[in-house]
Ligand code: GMT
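Take a look at this single chain in structure tokens; it is the form predicted on its own.
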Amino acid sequence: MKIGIVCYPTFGGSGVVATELGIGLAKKGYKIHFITYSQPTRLDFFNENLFYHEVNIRSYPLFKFPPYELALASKMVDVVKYEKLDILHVHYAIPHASAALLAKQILKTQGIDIPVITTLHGTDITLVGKDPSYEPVVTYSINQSDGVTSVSEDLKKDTYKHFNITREIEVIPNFIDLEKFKKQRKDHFKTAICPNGEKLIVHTSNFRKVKRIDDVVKVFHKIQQIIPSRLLLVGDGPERDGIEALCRELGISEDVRFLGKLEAVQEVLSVADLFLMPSEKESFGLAALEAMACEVPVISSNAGGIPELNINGVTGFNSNIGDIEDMTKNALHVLSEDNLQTFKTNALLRAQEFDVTNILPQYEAFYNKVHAEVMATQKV
């Protein structure tokens, strides 16, 4: 089967999952064609079944903003026709699903019926989609797709709650490649950061307000008063300046390091003792899964789909959003010498349930089901 994958080629969760999905499918012999405006961050070109098609965006004086959606739809038409694709799998409702449906209509006039599968990842529903100026397009794009998946039960419920959706949504959770994300021997790194045996706490995100990084710092500050520890913040974004100011205000700047964006985040996670994710909203919590795969327990909020991944009292703990005291209490419980190894072991066992080898067959089955349904409709 030849599959076109459309995604954002960035460090964000949707782009990472889409890229890893394509890589996994390519290893199994599928021909995977990525269609986007730049090379996806994690795309590996050493596989003969992986292809990349760049969407060229031209600026014209007539347009205030470059018409990316039109350029993307045109590129999809071109790739489907000349590569003879069997399915288009688009990640994120806008603009990818809407562009794919435009491409589908154009191709129909040329005698080609291409099935379109849309995967919902989170902010395309919980943030962008709820904007009244986009809601009609999101609703139409979901209902007109030939198949729709979401990355968690919570996101599925949220979609039905806020949109007039008539199509069935199938939950296929995010996944991880445990060959890539696993605990590595980085003892020298741990010694360099924690020379006196301090506990190492990590947070990774895009530093947006919804990630509540100020809560990360406040929880760390309270932990540090009981257990000697250090904090690593991986990522970057609009909240960084404010977080740096908060660290100075609390007098903990010497114990907090900002590492910026890292591609090999598993090297940092390999030496961590605890992962903090106090987000206000998470459709799944891919960063937490990456931590768990590296044997790192998670202290998180109970927002969105996180409790579906982080099992309370087993792989870590979930607290109400903004409950600094409860998160601190739970963190101290996990970090105690009597408990830490058990939580680390449980975190890995849970992550193994989301290994790509377990989730990939769910996508394969869904592709075959949707493709068969569309082909059957053609024959009627």
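In this text the structure is predicted, and so the values were computed from the model without any measurement. Residue indices: 1-based, along the sequence shown.
Keep in mind that the form predicted together with the ligand is missing from the display, and what follows is about it.
Annotated contacts: 121, 211 and 281 all touch the ligand in the predicted complex [non-hydrogen atom within 4.5 angstroms].
Note on contacts: among 181, 163, 92, 134, the single residue with a heavy atom within 4.5 Å of the ligand in the predicted complex is 92. Among the residues 229, 206, 98, 144, the one placing a heavy atom within 4.5 Å of the ligand in the predicted complex is 206.
Contact annotation for residue 359: none of its heavy atoms lies within 4.5 Å of the ligand in the predicted complex. Residue contact with the ligand in the predicted complex: residue 269 places no heavy atom within 4.5 Å of it.
Put simply, residue 174 is close to the ligand in the predicted complex: some heavy atom of it is within 4.5 Å. Mapping the unseen interface onto this chain, residue 13 counts among the residues with a heavy atom inside 4.5 Å of the ligand in the predicted complex. For the ligand in the predicted complex, the listed stretch (190 to 198, 70 to 78, 245 to 253, 281 to 289) containing residues with heavy atoms inside 4.5 Å is 281 to 289.
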